[in-house]
Each structure stands twice: as C-alpha cells, then as structure tokens.
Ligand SMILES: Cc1cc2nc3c(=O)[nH]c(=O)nc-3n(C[C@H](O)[C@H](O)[C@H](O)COP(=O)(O)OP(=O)(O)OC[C@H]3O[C@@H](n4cnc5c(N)ncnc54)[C@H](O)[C@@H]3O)c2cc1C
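This document starts with one chain, in the form predicted on its own, laid out as structure tokens.
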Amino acid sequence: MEKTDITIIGAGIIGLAISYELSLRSKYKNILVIEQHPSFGQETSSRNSEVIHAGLYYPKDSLKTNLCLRGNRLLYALCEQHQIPYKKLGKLVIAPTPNDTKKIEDIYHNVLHCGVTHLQLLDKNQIRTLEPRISCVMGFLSPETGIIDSHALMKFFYEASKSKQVEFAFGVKAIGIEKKSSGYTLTVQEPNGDHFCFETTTVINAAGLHADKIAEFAGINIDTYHYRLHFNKGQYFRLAHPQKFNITSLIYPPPSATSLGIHITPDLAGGLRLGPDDQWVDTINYTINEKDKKKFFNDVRRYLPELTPNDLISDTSGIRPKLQKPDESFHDFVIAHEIDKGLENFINLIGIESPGLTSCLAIAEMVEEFLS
C-alpha cells in the first residue's frame, strides 16, 4: 500500500496556506493535498468578498480575533514580498440611522478592547468628506482593511508548494478514514469512480464545507462535539455603473448575528459589489434569486440614497460553513489536534468562514505548531 507522511484534505485557501507553510520547512516530507474538485479554490475560497479584515467583530481572545489580527499583518507582508495584487482601501463601518448608533459604538469599543489600533471615530460630515454619496449619522474608519485577489493568492500558494515537491491530486474525494497504529488509512474515490487506499501518518482536515463529514469519517461524533456544519448562503449583486457612485472605501452597515450585513465592496478591477446577504440553506446551490434584488436595493439604499433598482445586476454567491445554528450566536473556529479523542496527528479545521481568508497564514502557523 502506498504511503505518505502528511495528507491535507482540501485545496481551498486554508489547505493551500497550510501546504505552503509546511513546504517551507525541510523537516516535512511527502506532503499530499487531495481535492475533490478539478482545481483548487472551487468553493468558499473563490466565492467571497475578498476582503482582508482587521479583526473588528469578534470576542477578545477568540481564535477569530487573534488569528485575524496576526493574519492581517502576515497577508499584507506576503502580498508585498511576492507582488500579489491587493489594495489597502480602508473600511467605513457606519450607522445609517440613529437607531444603529449604539450597535456601531459597541463594535468600536469591542475593537479597542481587542487591541485593534488606528481606528478613527467619525461623524457624518467627516464620512461625507471621505465618501460623498454615503448617508449616515456616524461611523468609524478601519484603515487596515483591504481587498485582495484571492485567486492570485491561491495560485501563489499552489505554485510555491509544488516547487517544494508538495503533491496535489485533484478530482480525488476522501470517502473513508481508518485509524491504524502508525497513522491512518485513507480511502478515496478517483476521477474515474474507482476507490483507492493509501496510508498516511498525519491527516489535516481542511475540507471546508465538508469538514464535518471528514471528521465523522475518522470516528468523531460531530453532534457531541458540536462539529456539525450548517450552510449559510450569501448572494452578491453588482453595480452596473460603478463610476456613477465613485466609492473607494469598503462600506459596511451594522452586522447581524450571522453576517456582516449587505456591504459595498470595491474590487481590484474598479467594480462595486453589494453583498453578501444571509440565508440558511440545506444544500449547496449557487444560483442567484433575482427576486432578492429588491431586498438588496432596500437595504443598501438606506445608506446609498442615489441607488436605483436598475443599478443592480446579479453577480455570484457563496456558502458559509457555519458551526452555529440559525438560532445561535457566535461560534469560534474549530482548529484542533484531536489527540484527546484518540486521534494523534489528526488535525481538524472546521467552521472556517470569515475571517478565514485573512487568517489563512496564521491558521497555517497554528497547524504547524501542532506538528512540531
């Protein structure tokens, strides 16, 4: 039976960042990345806002906060070093109405409590100076927030990993995991439908939307340990004529319990996107419901009064792998070496939604520490 030292399941942004991080260290040999899709980054990693977050929304000392803060610095440095396209645009978190003021102030004070610096509390006139077409009563500026070409980032991780002899197997789906005395036997389904088994010493579960199922294959009760994922769909609409609005900052309204709200995101090509919205779904489906255009229009017009229904055209959608149920509040990332469950050298990464893209290099560091 064939054998490898480290198998990473999933070639999204997290799996790719981990393969890159491990490939930089000579002590890690025989690394294999398996991915069920024909190429890397086909799910959540390529269906998001491509924002480099600054760690604004999460509790102090949570993984989401700590990894986002470190990941922000690491990601900007990597982009500079390797010419990966990005722009540090800054983000305005705004209160469109007086009723929203307390929520924005609470976010601002939480951010300060978490150690985020360089924030600027602004009144409506100061915000109007920065973004003349935005209407609100107050807000704050996060200058460390930006946007990135996520495909270019993933391509860099992929090519850099391959240059260090990391092997990639696309179209290969993990369908079984058996614990052995010296590691694990993985059963996979190949592109032609055949099944194939191989041995690996270490398994790193970075399977994104399917990470809970991978954990279940290894014998973990995903309900007992609260690892079961719930799908939350986010749609995007694009502004047909972005030059009409000339918005250069990221514009975020107050968040909900499960999303950051329908925000305005400039992209690197000069376009403007609205979204994502927030819908609980049972299956993975990326269709856009044109009837939801009205909801987008009504939400965004609160702070962009010049918006008209004809400005919106459908764009894309993505699925968030959430650990929380619809009636639950904050759940942190699961990043765990499962040795306490009898699974030595089995590392789970489950519920890696926003700010996962920003945190990818910090998450990779954490995984490497588990293996050291």
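The first residue of the shown sequence is 1; numbering continues from there. Computed from a predicted structure; not experimentally measured.
Heads up, the form predicted in complex with the ligand isn't pictured, but that's what we're talking about next.
**Q** Non-hydrogen atoms within 4.5 angstroms of the ligand in the predicted bound form: do I107, S142 and F330 all have one?
**A** No, because I107, S142 and F330 lack any heavy atom that approaches the ligand to within 4.5 Å in the predicted bound form.
**Q** Taking heavy atoms only, is H230 within 4.5 angstroms of the ligand in the predicted bound form?
**A** Contact with the ligand, no.
**Q** Taking the shortest heavy atom distance, is H337 within 4.5 Å of the ligand in the predicted bound form?
**A** No, H337 is distant from the partner.
**Q** With the partner left out of view, is K322 within 4.5 angstroms of the ligand in the predicted bound form by any non-hydrogen atom?
**A** Result no; K322 lies far from the ligand in the predicted bound form.
**Q** Y236: heavy atom within 4.5 Å of the ligand in the predicted bound form?
**A** Y236 belongs to the contact set for the ligand.
**Q** Please pick, from L304, L312, V51, I347, the one residue with any non-hydrogen atom lying within 4.5 angstroms of the ligand in the predicted bound form.
**A** Contact check passes for V51.
**Q** Could you tell me which stretch in 109 to 117, 222 to 230, 290 to 298, 173 to 181 has residues with non-hydrogen atoms within 4.5 Å of the ligand in the predicted bound form?
**A** Single hit among the candidates: 173 to 181.
**Q** In the predicted bound form, which residues of 2 to 28 put a heavy atom within 4.5 Å of the ligand?
**A** Result: I9, G10, A11, G12, I13, I14, G15.
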